[in-house]
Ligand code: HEM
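Taking the form predicted on its own, here's one chain by itself in structure tokens.
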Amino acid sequence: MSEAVGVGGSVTLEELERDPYPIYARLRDEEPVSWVESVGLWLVTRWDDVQTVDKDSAAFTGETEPSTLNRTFGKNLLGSEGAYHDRVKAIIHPWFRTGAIGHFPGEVIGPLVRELIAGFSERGEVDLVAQLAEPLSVRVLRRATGLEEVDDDTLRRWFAGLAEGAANFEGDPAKQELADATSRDVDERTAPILDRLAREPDDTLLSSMIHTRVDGEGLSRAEIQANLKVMIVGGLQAVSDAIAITVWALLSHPEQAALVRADPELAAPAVEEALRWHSPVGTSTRQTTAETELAGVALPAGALIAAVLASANRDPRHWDRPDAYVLDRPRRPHLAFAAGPHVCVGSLLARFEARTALQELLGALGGLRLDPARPPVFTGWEFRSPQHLHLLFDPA
């Protein structure tokens, strides 16, 4: 790419990884559609333009070429468009509706959270990422998908290997070799599970993908396994990050945390505001299908676009006080789960996990607060979260 050097030409990957928000603010003001050489993408940063990219699949397709997702997982929901995408989504999406998983907070997530809290409640301190957010996301994913025979460490290994391929935009052969080996391992290990569920249906996502028919048509074995890999990657890091970010955001504002502790129903807006304020998934990746113009910028056909969800969620053209965490902010949709045809199908389950974890923590642990001696360190721009979240509380 040989675009003229503008603001985006001065942006380094290191700066984005350290803290992208000041960069997003400058791009929104000066260069809202910007070629950023360091990441090989056009960054789109304003709310209205991000909405356009996410929703106009005729001009901005999710079926990119090359596609790191399709290359690693096989053709899947996120890496497809049109009739194929619509068919797969119509089969998968019903399992994620409230009518199918509305019992999860009380019957699945709540007991798991309480079990994890019991493991550290007498100590007076916890690394929430390592001891609650990450293991909870693993165990809920295992129960939800139907991978009960797969242990926690294997699921974590699968996530790490698949994520390596999903983020391998540079086409590093070593990264792809690991991702491909992981993908084969998932296929081999899940084959007997799928065989069993074909004979003995249950209430899990895999069973639903096997047995659901829309207009008489279902998913092939390859399609089921490819989309399972999407769920593994999306259902572990993003959900764990959402839990950690929500707890950190609220505890960073003790007066607002006190309101949620007094009224657990406020956990819902607390989660939504945290996801807006500090979106765990930074971008939606799209590709132009033809020459097009966006915000006055001419984009060539085949241009790879990053619609920056995290930036749109702080655009002052759309939000009042966008850089502040405001629990009682007037309710309006954010873009933490993207928008349009590729809006995250697992967003309801992620919300259930974050709300339930927050309510259980505030209810069980008196004096819950951030550890001032070990503040969290946030890194990343595609996925931004703390690796550790150290909290203090009154021991049980």
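Note that the structure is predicted; figures quoted are calculated from it, not measured. Start at 1 with the first residue shown and count on from there.
There is another form of the same protein, the form predicted together with this ligand; it is not shown, and what comes next is about it.
Practice prompt. Examine residue 234 and determine whether its closest non-hydrogen atom to this ligand in the predicted complex is within 4.5 angstroms.
Written response: So residue 234 counts as contacting this ligand.
Worksheet item: Is residue 286 close to this ligand in the predicted complex, meaning a heavy atom pair under 4.5 Å apart or at it?
Response: Yes.
Worksheet item: Might residue 342 be said to contact this ligand in the predicted complex, defining contact as any heavy atom within 4.5 Å?
Response: Close contact exists here: in the predicted complex, residue 342 approaches this ligand to within 4.5 Å, heavy atoms only.
Worksheet item: Could you tell me if residue 42 has a non-hydrogen atom within 4.5 Å of this ligand in the predicted complex?
Response: Output for residue 42 is no: heavy atoms all beyond 4.5 Å of this ligand.
Practice prompt. Work out which of the listed stretches, 168-176, 75-83, 155-163, 190-198, brings a heavy atom within 4.5 angstroms of this ligand in the predicted complex.
Written response: Looking at the other structure, the answer is 75-83.
Discussion item. To verify the annotation, which of these, 247, 309, 113, 138, has a non-hydrogen atom within 4.5 Å of this ligand in the predicted complex?
Written reply: Exactly one listed residue reaches within 4.5 Å, namely 309.
Worksheet item: From the list 96, 104, 277, 120, which entry has a heavy atom within 4.5 Å of this ligand in the predicted complex?
Response: None of the other options qualify; the answer is 96.
Worksheet item: Taking 230, 238 and 337 together, does each of them reach this ligand in the predicted complex with some heavy atom inside 4.5 Å?
Response: Per the other structure, all of 230, 238 and 337 touch this ligand.
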